[in-house]
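Shown here is one chain on its own, the form predicted alone, set out as structure tokens.
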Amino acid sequence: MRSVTLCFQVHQPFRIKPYTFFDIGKQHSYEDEGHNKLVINRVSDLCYLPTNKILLQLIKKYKGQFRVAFSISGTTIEQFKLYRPDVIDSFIALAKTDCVEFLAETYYHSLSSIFSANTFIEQIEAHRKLIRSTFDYQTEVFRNTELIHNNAIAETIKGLGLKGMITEGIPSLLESQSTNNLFSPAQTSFPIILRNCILSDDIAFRFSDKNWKGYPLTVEKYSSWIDKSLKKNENATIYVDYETFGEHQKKNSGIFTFLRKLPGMLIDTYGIEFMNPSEVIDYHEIHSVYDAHETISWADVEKNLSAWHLNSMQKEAIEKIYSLEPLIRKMQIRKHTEKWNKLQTSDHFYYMSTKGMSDGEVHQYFSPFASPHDAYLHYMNVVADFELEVRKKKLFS
């Protein structure tokens, strides 16, 4: 059997508002509610609702043969509940088909897997609980924030009782092996599904690029590439930002027509099945070892932590927020813990990136701030006020 896994990352952060030095000690509301609502409304109308509608139609049309997986961060679900409950309803409708899998992840889309083992586990457990209560679904497979991965992280996830995880397929770690196989980390047996970065990025980044030699990307062309990439008993995992559909790749690019036609071409023309991640793990045997002794991710050209933890601003900001962990745990005040968790969201540090060329353009595209330096200043001012409030509460408790 040859198969394809379609997996979509759905994430929106709670963005902080411009917060100056003169705001410290005076006002303690940090979120840019107007901007957050604006983005959620825009992306819901352009992407989430129309794409969910298409997926539901495809699931019904192919009577269970078409299947998809979602990894939806806790911060995104919270914002859907605040601003767009109709989007939650559309995901619930998909969940009821039994053709959709929801993945476990860190609730706050954080870097806790690198900087706080206890927080990492707590955020995973909180996210699994949220998925159960929202979609009546028990998660079985994990994907870390931005596919961050190393051997130690895999061991932690195995210890939580999850059946497997997804991460980036990096050629240097594969040693000429196909990314379409099932792997295991070094020194432990635990299923790891690898993202096929070429097939994924063909849709996510190159679909509407008129300078790309593969343009235009037709369903016929793309399906033939999938067919050629798959040997017997292999699975190609196509993992992209869900916002690819309608937000990053606009409707007039033909992306929705492409999505509508893809399942039929793969199923009817090439006999390729659709499998969700847990099904891949159940069906396929582990092929070989994927030894991620150094930390990897799916971000930028380097595929490491440099998107969030490279320059001095990023390092200082991360060190500061995680240095507050002992204080937060000692205080055990829910609203402070929640604010602290939200300030861990990886996007805050992503906006501080000063990486150049194409990667830098991508970072700035997502940032609500005029520059990485502005992102750093506003974030550090917020953290300064937050720490002041927590320590003041401790003093009088």
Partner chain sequence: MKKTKVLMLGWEFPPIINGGLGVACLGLSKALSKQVELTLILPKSDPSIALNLVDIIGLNQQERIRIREDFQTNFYEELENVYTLPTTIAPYQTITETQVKTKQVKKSKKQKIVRSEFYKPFELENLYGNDTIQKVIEYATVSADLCMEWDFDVIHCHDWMTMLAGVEIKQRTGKPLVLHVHSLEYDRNQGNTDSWVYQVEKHAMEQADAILPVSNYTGNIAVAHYGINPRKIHSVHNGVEKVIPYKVDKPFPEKIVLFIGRVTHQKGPEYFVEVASKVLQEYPLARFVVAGTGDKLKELIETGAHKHLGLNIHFTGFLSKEKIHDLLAMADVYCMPSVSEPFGLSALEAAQFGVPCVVSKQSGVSEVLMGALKVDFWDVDKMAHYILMLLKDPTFAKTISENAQFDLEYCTWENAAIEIQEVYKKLLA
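Residue numbers count along the first chain shown, from 1. Bear in mind the structure is a predicted one, so any value in this text is a computation, not a measurement.
Another form, the form predicted together with the partner chain, is not on view; read the next lines as being about it.
Figure note: of the listed segments 305-313, 120-128, 268-276, 94-102, the one touching the partner chain in the model of the complex, with heavy atoms no more than 4.5 Å away, is 305-313.
Taken together, the three residues K320, H373 and L377 all come within 4.5 Å of the partner chain in the model of the complex, as judged by their closest heavy atom.
Taking the partner from the other structure, the partner chain in the model of the complex has no heavy atom within 4.5 Å of any heavy atom of P18.
By the criterion of a heavy atom within 4.5 Å, K63 is excluded from the residues contacting the partner chain in the model of the complex. The closest heavy atom approach of R334 to the partner chain in the model of the complex falls outside 4.5 Å. Not displayed here, the partner chain is kept clear of V10 by more than 4.5 Å at the level of heavy atoms in the model of the complex. Residues of 1-29 that come within 4.5 Å of the partner chain in the model of the complex, judged by any heavy atom, are F21, F22, I24, G25, K26 in sequence order.
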